[in-house]
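Next up: the same protein chain in two forms, each one alone, written as structure tokens (structure 1, then structure 2).
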Structure 1
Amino acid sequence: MKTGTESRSQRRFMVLMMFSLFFLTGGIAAAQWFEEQLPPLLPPPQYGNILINRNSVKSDMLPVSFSHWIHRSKYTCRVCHTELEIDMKVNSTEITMDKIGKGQYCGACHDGETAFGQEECQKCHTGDIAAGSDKFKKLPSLPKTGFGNRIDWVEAWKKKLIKPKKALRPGEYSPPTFKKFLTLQAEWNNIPPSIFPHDIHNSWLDCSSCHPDVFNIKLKTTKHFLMTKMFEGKFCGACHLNVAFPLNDCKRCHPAINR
């Protein structure tokens, strides 16, 4: 019979083994170990898709499918996550049909003019995480990457293949000018640093998406800033686990990593 203590010490042993392997073989063993901790990736047309179900099933409706790739090609994150006050955590915003009818949340656009209207119940209440996959195939060709939606959203924007709106009420938005490029030195001495470009993030997001809740506003002062915490959805993992390119893509953050 396995006791809790035994499995804990087994785990400690495994970690020790990983560490020693890591120091013998450089970043490769660490990279493999980290990759094994990562949640399995959904197929590209489903990456960033969510099913919202706080009240739907309780009210005899199918859960609501929402696809990030459909929406982010037309709007930046801040439109929904700042302007429309939608939380970056599924099922945490109190979205109701009543509020949608008053123009909040989905209702800011799904009014029959900007996008299809609220009478088309079955278009949202599909209960299917893969809803919209057929349209994914019909996307105009966008620059490719190896992970997530397998779309390089940064290149797609730079090449003006997508032109996401930065605000629903443009008069009330002035684009941030803060562009500082950061080099985040990893705590392990044979792991090359991660880069952090403020300009790319600030084109999609607001300072308040990250400061002060996710990161301190001072280089290398954020506590417990570790990859294992990111796998739980903290720090970079707040976005780079299920909407922005996933943590599997080591090289995009650690350009000099041997992977």
Structure 2
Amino acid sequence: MKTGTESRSQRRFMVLMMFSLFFLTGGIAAAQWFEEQLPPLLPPPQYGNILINRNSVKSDMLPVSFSHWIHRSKYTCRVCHTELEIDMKVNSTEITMDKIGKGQYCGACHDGETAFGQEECQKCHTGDIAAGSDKFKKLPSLPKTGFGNRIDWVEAWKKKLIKPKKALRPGEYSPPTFKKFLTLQAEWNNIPPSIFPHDIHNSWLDCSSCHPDVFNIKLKTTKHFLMTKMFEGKFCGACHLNVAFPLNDCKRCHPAINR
């Protein structure tokens, strides 16, 4: 015959087991939900590739295929997105052959001297998101990571294995020296904080790349700074969804996470 003390102990044990099972299955469900929100990852040679088709099809041309990994070893992000004023959202900038011919946008480099000229139409107007994948295999040995292109571009830059230009004309730009680290608490339970290093981002971007359009520091709030918003391409998702290392790589932002 069981005593009252034994029965209470068993009940406490069962309740504890039920709560543990609830939190375990809840955690699994949350992880599955998280994975479902992320866009499917393209093969490494195609990750970050975009098709520019604002005017191409209208002009009876195939869309332009643009590979970020081909360009990022030569130039930092700010060269195109700040200096050449190409918006980060695909197909939102009015890029025309007339403007390119005048040295704007792609024409700043593709002039037949710095890079191949505009007469070689078929090199850009491929209509194929996988264009240039054969060149990916010929990249030099670079530090590896588990997501995106499977290349750790930041580590490659730190080790000077790549030396992307920070401006089209040397000496005309010096990156900001702001090195503040931000510790951002997660909104989900049991998720460690994310760490944001300004200095790494300053090496590739301008302050104006993020402020005030992506992060409005004047508002001094992170009320809507949520993972669900990033899945929509907002905040960090403006880059870390389809071009910079993807949100799948949790440990890059949440270094203490066990994932």
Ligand code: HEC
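All of these numbers come straight from a predicted model, not from anything done at the bench. The term rigid core refers to the most C-alpha atoms you can superpose between the two forms while keeping them within 1.5 Å. All residue numbers here refer to structure 1's sequence, counted from 1.
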{"property": "Answer for which single form is the form predicted together with the ligand", "result": "1"}
{"property": "Core superposition between structures 1 and 2, C-alpha change of Lys137 at least 2 Å", "result": "no"}
{"property": "Post core alignment: Gly101 C-alpha displaced by 2 Å or more between structures 1 and 2", "result": "no"}
{"property": "Flag for Gly146, CA shift 2 Å or larger between structures 1 and 2 after aligning core", "result": "no"}
{"property": "Inter-form CA displacement between structures 1 and 2 at Pro170 - rigid core frame, Å", "result": "3.0"}
